[in-house]
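As structure tokens, one chain now follows by itself in the form predicted on its own.
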Amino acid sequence: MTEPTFAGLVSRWYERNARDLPWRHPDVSPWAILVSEVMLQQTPVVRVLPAWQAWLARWPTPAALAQDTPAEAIRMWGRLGYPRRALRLRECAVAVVERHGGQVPDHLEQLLALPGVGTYTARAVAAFAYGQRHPVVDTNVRRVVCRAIAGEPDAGPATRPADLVATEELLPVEPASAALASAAFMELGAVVCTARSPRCGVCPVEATCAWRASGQVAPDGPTRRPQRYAGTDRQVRGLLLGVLREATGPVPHQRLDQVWSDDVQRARALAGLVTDGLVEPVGENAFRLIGDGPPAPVPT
């Protein structure tokens, strides 16, 4: 009998132990999978779940979102963080409608050409929505491959072309099996082969793991230094956006001044929101979410 492959062992484990996440259900649309992949970037599953469900209840298709305003996309994004993702997702919906008749494309090159869709997201949609054979490589997958195959404790902070090659070499030839393996690698890294506290005793590839065989231990600290939030411009931007999301019209500058006491930092954060296309000025003394109403008058 042929020994099970690395992908076979991890896929078998996944079929028995995978978390029951709604975007993994077989009847979920490619659009719903695309939305989940965008939301899950740098955001924990527990925070994404209610936001994903609310988003799709309101905009179940790309066409539905494309017909709404950028401001409403920002409002619905809520406090998921990195709100430019909401704008990119709406721009993506518009492109899907204009270029592909409202259907998320199933060709990798077409996915990569969509606004806000990068190397990871395009391959994730192609694999998980369309069952194609592509290396889907995020931080969790890189860690699994680096440890189990290369024998290193961590893969570093950024995905390299070599990571795509190394992962693709592990995928089964048959597309559906490869798509399953891609999901399995990701799940293993998320819940077992974690960065700080790997649970090697329940890992399906512990017996063949090169990192375990080398006797190495996990790094003493995370590869990336945790980002401070309190007191940063990110916090101030979030507070300003919170006020603007709740408003039904332009917000006077004086109201925004109450959000943060440091005038210089508050002005810098507000200017950053305008530069990022999330907020626009209305006249000289008010602001609103981008596209939240008739076009703002152009200063003369």
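Start at 1 and count along the sequence shown; that's the residue number. None of these values were measured; they are calculated from a predicted model.
Just so you know, the form predicted in complex with the DNA exists too; it's not on screen, but the next bit is about it.
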Please identify, from 101 to 109, 206 to 214, 115 to 123, 166 to 174, the stretch that has a heavy atom within 4.5 Å of the DNA in the model of the complex. 115 to 123
If the criterion is a non-hydrogen atom within 4.5 angstroms, does every one of R58, A64 and A129 touch the DNA in the model of the complex? no
Does A190 make contact with the DNA in the model of the complex, using a 4.5 Å heavy atom cut-off? yes
Partner proximity in the model of the complex: H134 to the DNA, non-hydrogen atom cutoff 4.5 Å: no
Taking heavy atoms only, is L40 within 4.5 angstroms of the DNA in the model of the complex? yes
Answer yes if any heavy atom of D257 is within 4.5 Å of a heavy atom of the DNA in the model of the complex; otherwise answer no. no
Answer option from A150, C200, V94, A195, heavy atom within 4.5 Å of the DNA in the model of the complex: A195
Scan 71 to 103 and write down, in order along the chain, each residue with a heavy atom lying within 4.5 Å of the DNA in the model of the complex. R79, L80, G81, Y82, P83, R84, R85, R88
